[in-house]
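Quick setup: one chain, the form predicted alone, written in structure tokens, and binding and motion questions come after.
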Amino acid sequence: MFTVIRADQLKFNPRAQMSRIFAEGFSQWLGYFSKDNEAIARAFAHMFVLNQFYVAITDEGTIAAMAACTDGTVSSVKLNSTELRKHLGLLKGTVAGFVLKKEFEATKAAKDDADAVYGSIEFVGTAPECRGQGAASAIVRHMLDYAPFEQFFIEEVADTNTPAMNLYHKLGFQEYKRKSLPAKRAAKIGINHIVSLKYVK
């Protein structure tokens, strides 16, 4: 059983646990910057905008999973290039600050209707020891039930991430866009397509 709570309402600083989940869950994408997940975790621990994140807490009080939900006009993370260079080195930290800032902090225009109120679900991740126990499902269900949005979007899910795709489909999300990766890049990271999903209440 998990308790879902907004990350800024916790009585402890969740950044270290969240960053380890992030490093483990996104290692496929971040391998260029470091093969050491602990280094990745330290480098990105600063970035979470806590009032945009929800976490699933175990009975023992640890974070089992996390996900952000924004209105698409604000960013759920803020990258600090100084912190990235400190942990990843001058070159890779600078590259991370330049490349990832544009990708991670990009806000999204409304999808179908300029007046539609919609939620963007981002940075979904589960601690390795809690996978398959329903932690991420609990967070996403909480968002669908309580966030004040008519539509929800999840962008850029790897088609090879079968557990995530199964979860989103089970919750009622439908694929609305699929983007192919360049062959060389796809072969290197083991992903064929990037899938975008949509949920309408």
Ligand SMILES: CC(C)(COP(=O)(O)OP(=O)(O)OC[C@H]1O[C@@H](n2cnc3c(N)ncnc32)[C@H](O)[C@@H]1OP(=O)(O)O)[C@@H](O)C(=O)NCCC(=O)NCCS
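This structure is a prediction, so every number in the text was calculated from the model and none was measured. Don't overthink the numbering: it's just position in the shown sequence, from 1.
The following text describes the form predicted in complex with this ligand, which does not appear among the structures shown.
Only one segment in the set 172 to 180, 41 to 49, 143 to 151, 157 to 165 has residues whose heavy atoms sit within 4.5 Å of this ligand in the model of the complex; it is 157 to 165. Just one of 34, 133, 70, 58 comes within 4.5 Å of this ligand in the model of the complex, counting any heavy atom, and that one is 133.
Among heavy atoms of residue 124, some come within 4.5 Å of this ligand in the model of the complex.
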